[in-house]
Every structure is written in structure tokens, then in C-alpha cells.
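Below sits a lone chain in C-alpha cells, taken as the form predicted alone.
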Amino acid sequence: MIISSSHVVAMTGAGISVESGIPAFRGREGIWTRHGTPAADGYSQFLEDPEAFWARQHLGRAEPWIAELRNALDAATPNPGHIALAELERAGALRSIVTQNIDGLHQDAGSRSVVEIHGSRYKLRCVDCGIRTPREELFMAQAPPPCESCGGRVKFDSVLFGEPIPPEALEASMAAANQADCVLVIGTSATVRPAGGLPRIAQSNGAKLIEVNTSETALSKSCDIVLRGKAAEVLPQLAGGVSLGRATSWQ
């Protein structure tokens, strides 16, 4: 199916990075399940008083879930699943990745065409003009200065509860969904909107769906193919099969 498709897109969620030691946020072992979910009005709090928001972020560094996430992100490296997707891209079999993850592991593995719909741990973003700039440290001791471009309010790039998806990321994600004729849906429950709706948008345009997940999701019954297993185990086999199949077809 991948070999016969002309525009394959991968859409990835937390499941692919769990195998790099980064805990999922939700689910039985999720850090929010174990430690509690952050405030649902985080973005509103930022808009009301950015200085106070950043002060709370600094004081909250010791919260159990933040400390656990920080340590996991600092130690994480790409796993074979990330590497397999990068190999598929280099081989011309994968056009792009739309990821819900903020960890940057796809880029670390060598993937070049990556849309980070929920932002990046490595970036800061001005909420007024949308400019993204490098983030020097994961947990900053003080608020960043106003945006150099417009003087606007700057927050970390990761999307907060109640925060709209940045227009540029949303447009790129929608474009990928609309152009795809085959979508690999990897390690995501496909329930968090708007990212969770992208596979169905692609499918409504005629795209085939291939799910890679350890358990059944709300999307499973709608998929053309379901590969049940860990991404770090399934994707290298899939990439190897694609490579062999393409070589055979060329012969």
C-alpha cells in the first residue's frame, strides 16, 4: 500500500516516544493520570499576566509531573521507530510527519519534513505575531524579553490547555492531511482535536489509513490496515519491507 501510494504522511502521538523513555500524559501510566492534570485555563492565565505566569512556571519546576517530564526529556534519544520513519523519508517513501509530540526526536533521528502541531520544547513563540525563536533552556528562571520583532508576549512554544493551535502549524497539518493518499497513524489515540481529526480528513479525501499501535483506538475500525505492536518494533520491519518491495518492483 505504501509503495503504491504517491504521498504518504505519518501522524504520530505519544506512543512512539514512550519507547524512548518519555511517559505519555494520559492513560493508565500517564504522568497526568498519576500526578494530576494541569490547569485547564493555562493559556488564559498567560494572557492575563505573562509575568505572573512565568513566575509560576519557575516555582512549579519541582512539581512531580514536571520533574519527571524534565528528566525524561533530557535523557531521551530517538528509538528505532523514529529512525525507521527518517529512513522512509530519505528513501522517498514518506513525504512528511505531523506529530503531536514536543520532544524533537523525529528531527534528532534525521527526519526533515516535520510539522509540530503542538509545538516544540526547543522553541519560544510570540503569541502576537507567531515568530518562533530558539529556547536556550527547558525550564527558564525568568520571563523571556518581549518579542524582538513586534514587542509582543512570548511563551514557550508548547501549546497550553485552551490555546489555539498556531495558524502556521494548523495550516501545514491540514495541507498534509489533504494531500495524503496514505497515512500512517502511529502511537496516537486520535481523540485529541484537532490533531486527532486529521486522519479522518485524509480518509474522507480517499487516503488509506495504516494504524500502528499497541492497543485498539477509536480509529482502529476505520483503518484499512492495523499493525498491532510497539512502534519501535513494527516500523523498522515496515521500512525494511518497503525497501525490499521497492527494490523488487524496480527489478
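Think of the rigid core as the biggest set of C-alphas that the two forms share within 1.5 Å after superposition. The structure presented is a predicted model; accordingly, all values stated were derived computationally and were not measured. Residues carry their position along the shown sequence, with the first being 1.
Missing here is the form predicted together with a small molecule; even so, the following discussion is about that form.
Contact check for residue 182: no non-hydrogen atom falls within 4.5 Å of the small molecule in the model of the complex. Interface residue remark: residue 204 is not counted as part of the site for the small molecule in the model of the complex, having no heavy atom within 4.5 Å. The closest heavy atom approach of residue 102 to the small molecule in the model of the complex falls within 4.5 Å. Contact annotation for residue 69: at least one heavy atom lies within 4.5 Å of the small molecule in the model of the complex. Within 4.5 Å of the small molecule in the model of the complex, a heavy atom is found for not a single one of 8, 97 and 106. In summary, among the residues 222, 45, 37, 214, the only one with a non-hydrogen atom within 4.5 Å of the small molecule in the model of the complex is 214. With the core superposed, residue 194 shows a C-alpha displacement below 2 Å between this form and the one not shown.
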